[in-house]
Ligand code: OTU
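What follows is a single chain, given as structure tokens, in the form predicted alone.
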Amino acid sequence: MSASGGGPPTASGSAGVAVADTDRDVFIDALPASMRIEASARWATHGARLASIWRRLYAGRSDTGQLVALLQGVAAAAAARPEDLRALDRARSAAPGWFQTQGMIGYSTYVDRFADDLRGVAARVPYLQSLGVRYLHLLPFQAARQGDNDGGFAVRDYDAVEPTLGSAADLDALTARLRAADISLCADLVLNHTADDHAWALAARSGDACYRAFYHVFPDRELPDRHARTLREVFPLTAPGNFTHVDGLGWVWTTFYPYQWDLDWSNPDVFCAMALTLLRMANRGIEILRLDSAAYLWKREGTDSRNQPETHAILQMLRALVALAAPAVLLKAEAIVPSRELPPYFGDGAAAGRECHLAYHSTLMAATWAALAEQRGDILTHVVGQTPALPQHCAWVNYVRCHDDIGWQVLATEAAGYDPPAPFSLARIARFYAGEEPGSYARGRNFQHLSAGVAYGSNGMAAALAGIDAALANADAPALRLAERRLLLLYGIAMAAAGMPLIYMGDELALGNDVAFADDPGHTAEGRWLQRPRMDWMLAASAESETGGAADATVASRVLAGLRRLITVRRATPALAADVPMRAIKADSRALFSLARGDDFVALFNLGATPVAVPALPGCAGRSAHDLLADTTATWPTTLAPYDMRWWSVR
């Protein structure tokens, strides 16, 4: 369970060349003759790397037959890939930065919460197009564990659609519909674990030694107790500990919930099985694979078993096999760690750009909420200044909210103070968003908090955390307009920053918390359902027509118009492409956050509740400016109202 290494070895000498040639021949010979020339070119770039990393990672654990079987399986997946997807492979191989344009806008939702089932999602494609959406992340829709299943992340069958959501034919129809609309489907591939009723787990329970070796299983508590000394608990209140006793089997490693069994990736059979699963998903027309819980794949005693070098070796191999068999597909790392720990997920050193194409900038997300609560733009200035540069053809995913909690741990370093020292309290910020601090406008709830002085996470829809729910409940019109500004400000930052912005379902309508989740016996123990409401299509229709008389319809109309304006301007502004560098500009006012993209774009954001006067920023004095959002000439100095923003083109 603790194989060393993680980077590709350097092959040298005639023996290394002979091995590489043999690997190539195994792969190429398994392909139809018509595909061999194109495949040979891909092998030259990616294939030898896949095989060499395999040999290093699984030295002493695998035999020649396993690698042969893997390469033949990859070739079979390439041969089985539909022709329209192979055409997409060729087009995107010729333009590897296709996803970095400023027009790439994402949307994330659960299938059933958005439109009941996959057919319903297909019917709502025109709505997504009207928002300017170019990639759609549908949260897990594979067949899930019966009963508790972590919102679908306890997968029972990777190759089957959850019956309540539709069929395989419905999925095929949806991917075709989305592709015709120029929308890329993103789906989750849960890498770290399966459900305890997955076929592999059931076989392990029944005594199958092969599948027992797919999981981390221990006969007693000796090794689990040794590992536990340095492990963190993901859900300390609802699922404490990292190991679960299973009758007739022993102690099973369960990082997340007792019904989610961690896969043992030190077993090469696990890699082969999951790699071919990935390629089958790609061949269904899924264009972006969100690699769930990617940080946890490799276990090592004496560590927290996160971000281990072998994890990156595994991800580099997955990237290489995608490049061989389905190069149109992107890999997105779901690694919720501080941004300074994220560069390896894109590949660093000699492997730069050879791991994942995308990763969530969770530090920027959490810092935006912290800055709003503290009315401090300098928090964001620091985070942007510490954001590492990315390899070519890689990008951040910027988001405001998602199906999970806001995890505050990624800001631990910033909260402790930076240069110049300016500490802030994450626990106070968590209390603020739970509505427990004086002057709080938020209606969120704490998540997994063990004590009042320690911040873990916060739940709630963006509209509720920004104050819209409270203002509507109190019929407070001035507070409502400020809350709307806060919500649009948050999205203004996400869309102006370097990366691909992601809209969470319902935020475009200022959809509020689903407080009724607590009345559902299947959800009452899982506080994250607070931010998983059902889409309100009547509200959407009212917002579109602007004829709704209800207060929430009026709010939805204004927020929808504001968000569409941001998207329209972003799509027309080349400086906002994902690969254009960003830098923060230090400001005199602590509440002000100033962001520059390239040489001719500057965004100003007032995180405070009072107006901020802005003189000419460094490098902008004497230059003319155009206010892109208002489509007017801009002048220095300017004043930003509370929670106001500017997007300026400077010449």
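Counting begins at 1, following the sequence as shown. None of the values given here were measured: they were computed from a predicted structure.
Not on display, but discussed next: the form predicted together with this ligand.
Shown without its partner, this chain lists 361, 216, 401, 193 as candidates; in the model of the complex, only 193 has a non-hydrogen atom within 4.5 angstroms of this ligand. 260 is the sole member of 305, 311, 260, 368 with a non-hydrogen atom lying within 4.5 angstroms of this ligand in the model of the complex. For residue 532, a non-hydrogen atom is located within 4.5 Å of this ligand in the model of the complex, even though that partner is not displayed. Proximity of residue 332 to this ligand in the model of the complex: non-hydrogen atoms within 4.5 Å are absent; the residue sits far from the partner. Put simply, residue 112 is far from this ligand in the model of the complex: not one heavy atom of it is within 4.5 Å. Residue contact check for residue 336: one or more of its heavy atoms lie within 4.5 Å of this ligand in the model of the complex.
You can rule out all but one of 560 to 568, 150 to 158, 195 to 203, 573 to 581: in the model of the complex, only 150 to 158 has residues with a heavy atom within 4.5 Å of this ligand. Residues of 578 to 605 include none with a non-hydrogen atom no more than 4.5 angstroms from this ligand in the model of the complex.
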